[in-house]
Structures are given as structure tokens and as C-alpha cells.
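Below you will find one chain, with nothing else, as C-alpha cells; this is the form predicted alone, and questions on how it binds or moves follow later.
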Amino acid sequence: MSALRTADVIVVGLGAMGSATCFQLAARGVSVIGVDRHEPPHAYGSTHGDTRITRLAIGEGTEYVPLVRRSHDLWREIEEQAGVQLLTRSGGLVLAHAASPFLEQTRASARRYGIAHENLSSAELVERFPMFLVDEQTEAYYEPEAGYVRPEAAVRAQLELARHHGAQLRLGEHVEEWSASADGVIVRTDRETYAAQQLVLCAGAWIPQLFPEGSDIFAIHRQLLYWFPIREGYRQFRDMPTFIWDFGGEKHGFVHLLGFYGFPAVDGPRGGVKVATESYEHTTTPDGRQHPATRREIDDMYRRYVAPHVPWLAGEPLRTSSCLYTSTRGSRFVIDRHPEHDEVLIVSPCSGHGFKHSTAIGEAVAQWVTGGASDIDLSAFGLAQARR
């Protein structure tokens, strides 16, 4: 019988949050074992799709701004260490009618934190961004430091840096169970058993299986990404900012926009433009497979969102991809100790807007694990708040 593998900390799930936590722990000289049922980066959870929007003024709440600001600093540090480009500051737009709560909160965050921005009228939108078809009531917030991050490259870079600092990465292993006591934690996978002083659960859409006590908190939703071909205006699409177009209101208790979002043309004139919306009508469970858009979903996306608002895009997508949101009722993050085991941290800061914050969350969790507190206050992201 082989000897029990041990470490100071075990991190389960190596997507956005887990890869960042592993890297930050290992860089501090902490002995860490990282476990993932797949081989990240992969396309079966939440951290994929080529691009993720990042913005400093957060429409979901001002409490998120310190995280994303720190993440921007950390992206640059990781780029330098790994020799890859991760963050592109293309600028970012939020389009909406003046009464939009999301637009109002975005502007409030910018004012509170002194984030550089412009407020654009409908006429200014038409002049500067002619690919958008806007009505006279639509206005916008423009943030020059916003942009996008490459999720697959970010996960890959942080896992490579974690390995460089001594982390043991156990990929393709399914965690079957874990237990905790005053002596530490035990994690049993389908291949081996590991022991550590602390456990960090960053399992994304798999978190309900590892934390069934939180089954009343988390809901998993399938989301769809589309790459529509460019009919005209490639140069304008290439040079445009990321955008979030909010049609106003809340949906099923979720704070996210009722609308759609998109990116510049990052893959040349034949690569199309990536756009997506959000849907919360049905829940799902992760099954290790891709579930791309159906014919009905493609037609609905183009008819409702693309054709009336971005008419320079053609109707048949080059490709589609599915993505999983692990959401709470108020679209809040969960970063907290397990209610019964202080040795276990639940790190599920997803709800569809977590990636832009992930490097700072990894750093904060590493600080919490090693020193009992983090530089950035995480108290707003407790289990109790997520249950409200």
C-alpha cells in the first residue's frame, strides 16, 4: 500500500478560482495539492470561451471593486512571470436606458472609486460605435480601462506557475469524498487519498456535490456563447470595446442584466464576434460534456438580440459553446468557512461574474489560509449573505 500523500492545503477544482488559489499558496511556500476531475483548462465548467469581460466599475455592487482592481494588477504580474498576454484593455461599454439599475450602479461605483469614464448620449454612441443600432433613449457608460481576459490562458499560466513553485497537481481525478476533524482533512479520489491541514473547495458547478449543506444556496444554469460572422465593418468590430447591453430590470431574483454582451473581433475577419446572453429558466448539472446551442436557440438569439441591435453581423454562427453558471439567489459570491468545519473553505465566487475577480480572490484566500485574514475584506461574501 502506497504512503498517504500529504500537504499543508488541498485545493479541489482548478478553474479560475482554484488555479489562482493554488498559485498564490505555492508562491508563498505552502505545500499544496490541487485536484481536478478534468485537465484544466477545459470546456466543461465555467472557465472557457476564449474571452471574459473585465471592468473596474462593477454594476453588481461597489463591494466588488477592490477585488477587480487588485486582479488587474495581478494579471500584469502573472503576464510578466509566465510570458503570456492575458489582459487586453479594449475599453468597455454599458448600454441601457437611463432608468437601468445596472447602469446606475456602474456609474455609482465609478464615482465612488474615482474610475475614469465617460457618459455617452445616444447621438454620441451612434457616432463612435456605428455597429450598434440604438434608440434615442439608449445611453452608455464608457470605461477606457475595461476590456477582456483570456480565461484558458490564465488558468494554464497559473497552474504552470503553481507547479514551478512546487504544487502537486492531480488532474483527471474525481473527488469521491472528504472528511474533516481537529487533526485536519482527508480527501479521497478515485485514485488516491490525500491528507492536509486545510481544504479549499473551488469546484464551481460541482460544489453542490461536495457541499450538500449548501444545496439551498446554489443553482447551476447552462449558458450559451455564440460567434456570429461579420457581414460588414470588420475594422470597427476589431477596434470596438467590450459591451454589456442591459434592457433593464431583474430576472427571477438574479441581479444580472436582462440583455446581452459581446467582445471585439479578436480572431481576425473570419473569426466572427462573440456575443452571449443569460438564461435562468432551467437548472442543470455538470456532466463533463459540451451542450452547444440548438437550432431554436440560435434563431432566438439572432432574432431577439443580434439582428435588432448589431445588424452588421450575419445570422448563422460560426460556432456555439455552452458554459455553466453557479449562481446564488442574489448573484452573490460565497467565500466562507464551512459552517461545521473551520478547516474547510467554500470558495464559489461565481454567479456569472466571478472570473474578472479571480486572481485577487486567489490571493485573498491564500492570505486567509496562511494568516487568518486577507488584505481585502471578504466579509460581504459569507454564507449568510448568500442565503438572504
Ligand SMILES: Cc1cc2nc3c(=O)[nH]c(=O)nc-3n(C[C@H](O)[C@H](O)[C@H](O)COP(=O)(O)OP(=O)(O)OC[C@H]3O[C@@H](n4cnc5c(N)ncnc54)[C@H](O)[C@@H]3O)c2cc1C
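Sequential numbering from 1, following the sequence displayed. No experiment lies behind these values; they were computed from the predicted model shown.
Below, we refer to the form predicted in complex with the ligand, which is not included among the displayed structures.
Using a 4.5 angstroms heavy atom cutoff to the ligand in the predicted complex, none of 129, 270 and 309 count as contacting. Contact with the ligand, judged by heavy atoms within 4.5 Å in the predicted complex, is confined among 220 to 228, 312 to 320, 117 to 125, 86 to 94 to 220 to 228.
A residue is said to contact a partner when one of its heavy atoms sits within 4.5 Å of a partner heavy atom; residue 360 fails this definition for the ligand in the predicted complex, lying far away.
Interface membership of residue 210, defined by any non-hydrogen atom within 4.5 Å of the ligand in the predicted complex, is confirmed. The ligand in the predicted complex is not approached by residue 161, whose heavy atoms all lie more than 4.5 angstroms from it. When contacts are judged by a 4.5 Å heavy atom cut-off, residue 12 counts as touching the ligand in the predicted complex.
Screening 33, 27, 56, 324 for any heavy atom within 4.5 Å of the ligand in the predicted complex leaves a single hit, 324. Proximity to the ligand in the predicted complex, taken as a non-hydrogen atom within 4.5 angstroms, holds for one residue of 261, 142, 237, 302, which is 261. With contact defined as any non-hydrogen atom lying within 4.5 angstroms of the ligand in the predicted complex, the contacting residues in 32 to 69 are 35, 36, 37, 38, 40, 42, 45, 46, 47, 52, 53, given in sequence order.
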